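Below you will find one chain, with nothing else, as C-alpha cells; this is the form predicted on its own, and questions on how it binds or moves follow later.
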C-alpha cells in the first residue's frame, strides 16, 4: 500500500460519479438486507452474543483446536500443510501443482489467496488460473482487485460490467444481470471440466470432525472443489472453530450479515478426498493453514480482531467506506476491519492513514455479528502510531501547543478571543468562512467553517453562574 497517496486516492474516489452510484446502490442494499434478515430472528442480540462466545472460545483454545483439526483431516485421508507467511503458502501450492502436473486451475473466492497474491505466483510459473466466483471473474477480466470482502465488484455498476463483458468476451450488450450471469456461466462450464486443480477458501474449519465449510450462492465453489482431481483449501489459522454447534450459530449470522439471507444457497462441507464408494469429488485434498502475522496478533491486545468472520457488514455500514469504496484502503482488506487488519499484518507505519479513516461513529460495531469493538482498536492503533513517531513535526508541535494552551486558563481565554475575532473578520458578516489559512484550509477545502459566536460559551456560563439575567433576544 502506498500510504502517502491515500488522500489522492480518496479525492479521486469522491470525484468518480460512477463509483459513487455503485457504492450508493451496493451499500444501501447491503445495510437494508442485513437489518431485515436480523429482524426475523427471535433475539438478534442474544444470537450475536452467542456467536461472540463461539469465536472467543476458539481463539482461547486456538493451538489445541488447530492440532485437533489437523489430526482429523489426516484421519479422513487429507493432507495438512502449515505456512508461516505468504511466500511459504504460495510455494506449497506450487509444489502440489508440480506433483500433480497441474496446468489449469479454477479458484473459488478466497481472501487469503488475495493476501498472498497466489494468482500472480501461479501465473509466473505458466499455470492458468481462473476465478470462478462471478464477481471475482469480472474483476479478473478487468485486471483489478476486489473492493469488498463479500462483493468484490461492488465498485462497478451493471452498465460498466456489461461493457466489460462485451469488450473482453464478446457478450451482446444488455442491462439485465440475469443475462450477464447466464453468459458467464456458459463460459465457465468448460473451465471446470478442463481444470487439473481447484482452490477454495475456508469460511469455517470445524475441529471436532476435521471438516471445512464454505458458503456461496452461485455453486461455483462446489464445482471448483469437486470437478478437478485435486482440491487445495487455504485458510488463515483463526478460521478454526470447536464444534458443529458453533458452526450452526455462526453460519446463519454470516449469511444474514453478509447478504441478508437466512442461509446461503450452497453450504459446502468437506472432510477429505473422495471415498472409494463415492462417485465424484477430488482424488486428493490438501489444507494449507496460514499464519502470516496472525500469531503475533493473537498475543497482542488486538486479538479480538481475529474473531472477524469476513461478512463485510462493517463495510456496508461505514460512512467512510460508503463514500470512498474499498480500493482507497490500499490492500486486500478494506473498510473498518481492514483499517485494523492491514496495519496489524503489515506493520502500522505501512498504513498510517487507515486508523484515521473512521469517524468513530460506532456503526461498524453495531453491525458486527460477533460484536468486535472496532472503534476501540482504531483508537489504540492511533496511539501506537503516535508512540512510533509517525506524526509530522508540525503535528507534534501543534499538539504540544494545544496542550499548553488548554492547561492555562489565561491562554485559553486569549486564544478563544483571538479566534473569535479572526473568524468574524474573515467571515465578513456572512456567518461562515469558505477559506482558512494553512493548515486549517484542509477543513475549508471541503466544507464551510462557521464563525465563532458571541458571547462565547464561557461568557454565557459565567453570566448565568453569577445569577445575572440573560436576555435571550441577544446573541
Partner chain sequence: MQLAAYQRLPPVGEYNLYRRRMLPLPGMAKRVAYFVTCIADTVFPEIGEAAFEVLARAGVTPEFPLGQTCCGQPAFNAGFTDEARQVAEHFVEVFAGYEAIVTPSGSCASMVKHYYPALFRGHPRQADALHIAARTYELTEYLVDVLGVRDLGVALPRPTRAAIHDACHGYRGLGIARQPRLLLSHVRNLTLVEMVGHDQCCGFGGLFAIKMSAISGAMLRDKLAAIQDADCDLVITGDASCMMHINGGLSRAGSPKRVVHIAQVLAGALK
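Note that the structure is predicted; figures quoted are calculated from it, not measured. Numbering follows the first chain given and starts at 1. Each form is matched to the other, and the largest set of C-alpha atoms that superpose within 1.5 Å is called the rigid core.
There is also a form predicted in complex with its partner chain; it is not shown, and the following applies to it.
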Pick from 98-106, 337-345, 373-381, 114-122: which stretch has non-hydrogen atoms within 4.5 Å of its partner chain in the model of the complex? 373-381
Using the partner position in the model of the complex, report whether residue 422 sits within 4.5 Å of its partner chain, counting heavy atoms only. no
Does at least one non-hydrogen atom of residue 129 fall within 4.5 angstroms of its partner chain in the model of the complex? no
Please check if residue 239 has a heavy atom lying within 4.5 Å of any heavy atom of its partner chain in the model of the complex. no
Does the 4.5 Å heavy atom contact test between residue 38 and its partner chain in the model of the complex come out positive? yes
Do any residues of 38-55 have a non-hydrogen atom within 4.5 angstroms of its partner chain in the model of the complex? If so, which ones, in sequence order? 38, 39, 44, 45, 48
Would you say residue 12 moves between the shown form and the other one, meaning its CA shifts by 2 Å or more once the core is fitted? no
Look at residue 299 and decide if its Cα position differs by 2 Å or more between the shown form and the other one after superposing on the rigid core. no
After fitting the core, residue 68 CA displacement of 2 Å or more between the shown form and the other one: no
